[in-house]
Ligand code: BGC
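Next up is one chain by itself, shown in structure tokens, the form predicted on its own.
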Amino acid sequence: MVQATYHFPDGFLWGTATAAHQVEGGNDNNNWSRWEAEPGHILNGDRSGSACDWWRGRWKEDLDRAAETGQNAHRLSIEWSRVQPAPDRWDEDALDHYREIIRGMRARGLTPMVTLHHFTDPLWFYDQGGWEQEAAPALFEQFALRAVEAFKEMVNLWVTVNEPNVYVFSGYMGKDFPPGKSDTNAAFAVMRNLIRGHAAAYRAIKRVQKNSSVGFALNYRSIKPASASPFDHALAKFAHNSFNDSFARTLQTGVLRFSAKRAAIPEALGTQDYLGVNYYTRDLVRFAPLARKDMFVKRAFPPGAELSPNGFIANVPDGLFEALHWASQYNLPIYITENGIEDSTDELRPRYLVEHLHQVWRAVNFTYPVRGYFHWSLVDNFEWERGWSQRFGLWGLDVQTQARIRRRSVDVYAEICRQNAISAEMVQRYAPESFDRLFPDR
């Protein structure tokens, strides 16, 4: 048997990622809490409810588990609606609560990466127009300023906005997220304002904390044509430009090009210190002239790819290398801010994990400046419009009892984190089906 080890750079961050609404529970003051309460929006009528019970303190045991299994970082988000529950009121108790969590992360040896916007908006903000309103960037800037003032002694790695492309496509084109619109004009306005909000938050953080590292997290979807047809190639290019390129490119050029529209946003220039990449899977796209509801696109996974239990994700590891190659063009440090698979059986996850991390190692050896990896997620959590139907956690969750369930992937990831490497022995033990792909006998 081949004996080899793929080593990662010294100081590499190994962590998991969570988001406030998905793990905290007990929040009825944001747009998602209202969306969940309206019938037909969430699969199986699920509600986030107590989620993972973090707001009442179970973050402590989960972060204990993260630290005890070799992780040295954690990405979490701050819930805007808790910190600013009304337009004229800031909740100091909520800020203290987040201080306690972040202080607890530091005490456990976990470097915090803090996200300011992860899909949820306060109801007061949402009801006055949300990100469609021109005032949105300035309102978000105020929140960012309050957060950095509160946590500046403990945090210097900030994510302004998580997956702005998903927020726009799912909420303003696909109807899966609130407000459930299908309106390209509204989608363009929201994308423009999210970019302006990111830029305003970036500058607010830098005013307070000059040595901070500030970026955003993009959901990179590998999009390929399904055939040699010029229509499919043109469609794949258009989808890539709109979904993957638009936000990041604007920060480089100062001009937003999205959905056949354009707008100058000069204040966005140079407002990122790193690029966060979320990667899950690849789509093949085919032009479908009768599929008006789906914007004339038929999507499929690559033939023969292993699928997650619900058929939501295909295991396509080289798509992560593609995402990192794409990110490298910006000449900035790169963090993989999310990567994972829904798998309640934990059969596919070990293979998915080691095969994707092998692609990260390849990227590092191409001298791409990858600084860290955050697995999605630490524990099963509420997965937005898909409710509790998907289980992304290294640790399982019994939603009724709040019991945590140790999965085999906990041990896989723990060994990688502790060794800062992927070894042949490790892959043979946890993911033998992947061994020949990662360690060919040549």
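What you are looking at is a predicted structure, and each value in this text was computed from that prediction instead of being measured. Note that residue numbering begins at 1 and tracks the sequence as displayed.
Beyond what is shown, the protein has a form predicted together with beta-D-glucopyranose (BGC); the following relates to that form.
- Proximity to beta-D-glucopyranose (BGC) in the model of the complex holds for none of Glu306, Tyr352 and Ser409, with the criterion being a heavy atom within 4.5 Å.
- In the model of the complex, none of the heavy atoms of Trp124 sits within 4.5 Å of a heavy atom of beta-D-glucopyranose (BGC).
- Looking at Glu163, you'd find a heavy atom of it within 4.5 angstroms of beta-D-glucopyranose (BGC) in the model of the complex.
- Contact check for Phe392: a heavy atom falls within 4.5 Å of beta-D-glucopyranose (BGC) in the model of the complex.
- Contact annotation: Gln22 falls within 4.5 Å of beta-D-glucopyranose (BGC) in the model of the complex, judged by heavy atom distances.
- With the partner omitted here, the stretch from 278 to 286, 197 to 205, 358 to 366, 258 to 266 that lies within 4.5 Å of beta-D-glucopyranose (BGC) by heavy atoms in the model of the complex is 278 to 286.
- Contact with beta-D-glucopyranose (BGC) in the model of the complex, judged by any heavy atom within 4.5 Å, is made by just one of Phe312, Phe296, Phe231, Phe238: Phe312.
- Note on the partner interface in the model of the complex: the residue among Thr111, Asn156, Asn219, Thr271 having a heavy atom within 4.5 angstroms of beta-D-glucopyranose (BGC) is Asn219.
- In the model of the complex, beta-D-glucopyranose (BGC) lies within 4.5 angstroms of at least one heavy atom of each of the following residues of 381 to 406: Glu383, Trp384, Arg386, Phe392, in sequence order.
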